[in-house]
Structures are given as C-alpha cells and as structure tokens.
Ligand SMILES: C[S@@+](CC[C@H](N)C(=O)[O-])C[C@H]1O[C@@H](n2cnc3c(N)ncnc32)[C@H](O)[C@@H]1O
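A lone chain, given as structure tokens: the form predicted on its own.
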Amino acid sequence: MHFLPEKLDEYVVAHSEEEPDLLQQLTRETYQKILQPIMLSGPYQGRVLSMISKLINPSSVLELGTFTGYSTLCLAEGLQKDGTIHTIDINEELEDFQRKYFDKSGYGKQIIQHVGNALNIIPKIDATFDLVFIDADKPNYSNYFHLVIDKLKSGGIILSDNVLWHGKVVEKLNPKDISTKAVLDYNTLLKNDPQIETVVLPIRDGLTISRKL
C-alpha cells in the first residue's frame, strides 16, 4: 500500500539506494515459485531495513517471519563481523529456498534458521538482541512483544511491520476481523508500554520503530 501520491512515491524510490542484484534474483524466484509473493518486504522497504540495521550495527538480531529470506538479508547487511541473526518461520517448505540465498549472500554462516511456532521457539533461544524485526502472523504480535522485550538489550530496537494494515486501522472495525483488531491492540500496546519509546513511519504498510529505554 502506498501512502504518498504515486509520482512522489516513485521519486522517493528513484532517489534511494538500489536493490542489490542477489535480492532482485530472490524476488524473481519468489514470484515464480512461491505462493503469496506479495509478502516480500520489497526493494524500498528492504533498503530502509538495511539502513536501520547499518545504523544500529547489531551483534545479534531476531527476526520473526522469514518467508523467503529477503528481509533477513537486508538486516544482515548491518551485522557486526561476528554477528548473528536468528530467524523464525513456521513454514518448513521454505527452509531450503531460504538457505540457498543465505549461502549465496556471504552471510550464510551468520544466519541461524528456526522452523516452527515462534511462541515456542523464542523462549528457547539463549541470546539477547540489539534488533528485533516482527513480521509474522498479526494475531500474535502482542504475544511476540511480551516474549522478546526481556531479551532486548537496553537501547535495542524492535521494528514492527504492517502496523497500518492496508489502512484498516482507521476504518470501522469488522468484529470478525481478528487481524485488524490484533494490529490495533498491538499499536496501543507499543504506544503505552513504559519500557519503550515508539514512532510509526508511514512506509509502505506501516513500520514502527520502538526503542527500549
């Protein structure tokens, strides 16, 4: 979803960093072979994720929602030389696809894949994180926050994707729309939780940056 007029949006993209060749290849193959390719972060948001990661220069990253690994590779661009990313996805059928591109990237040894339910996996990861990216099933966003906040270092960042949810957050709520309700509750949680400070960016479908105090 675009919140700027189309011409302005095109200008913003044209004057931002170019998408790396490997990510262009990953995008093409995702659209050719994988269901719901729209779930990709995309070239512009990917460059945003890359820039944020480079500014943080994390030693440890947690990603919830790997899909085909596009955002993982964007976040890896900012990793410290010996840094690691733990990335979790529930779809085991995507594991080999992800690994192929991880290993092509040069970051393969720094990326640790986890397959299964993130609610069960997160407590088992013995690590603390500088950066967390949440881009998974919306009904569990608040649950994920409560699981990761104690694993986030002071000054660490949580990035939350799709927080404007196709604009539905400002429309009349359908009582049967569980995902929109979950996003609304999550946005309220981020705004009110005293452990963090938060700003919402109207980038694509909405990206929130929350910093742990």
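None of the values given here were measured: they were computed from a predicted structure. In this text, residue numbers run from 1 along the sequence as written.
Just so you know, the form predicted in complex with the ligand exists too; it's not on screen, but the next bit is about it.
Heavy atoms of no residue among 84, 130 and 157 are located within 4.5 Å of the ligand in the model of the complex. Checking 143, 80, 91, 110 for any heavy atom within 4.5 Å of the ligand in the model of the complex turns up a single hit: 91. Remark: of stretches 167-175, 60-68, 145-153, 180-188, the one touching the ligand in the model of the complex is 60-68 (heavy atom within 4.5 Å).
Although the partner is absent here, residue 40 sits close enough that one of its heavy atoms falls within 4.5 Å of the ligand in the model of the complex. Although the partner is absent here, residue 95 lies well away from the ligand in the model of the complex, with no heavy atom inside 4.5 Å. Of the residues in 129-159, those that come within 4.5 Å of the ligand in the model of the complex through at least one heavy atom are, in sequence order, 133, 135, 136, 137, 144.
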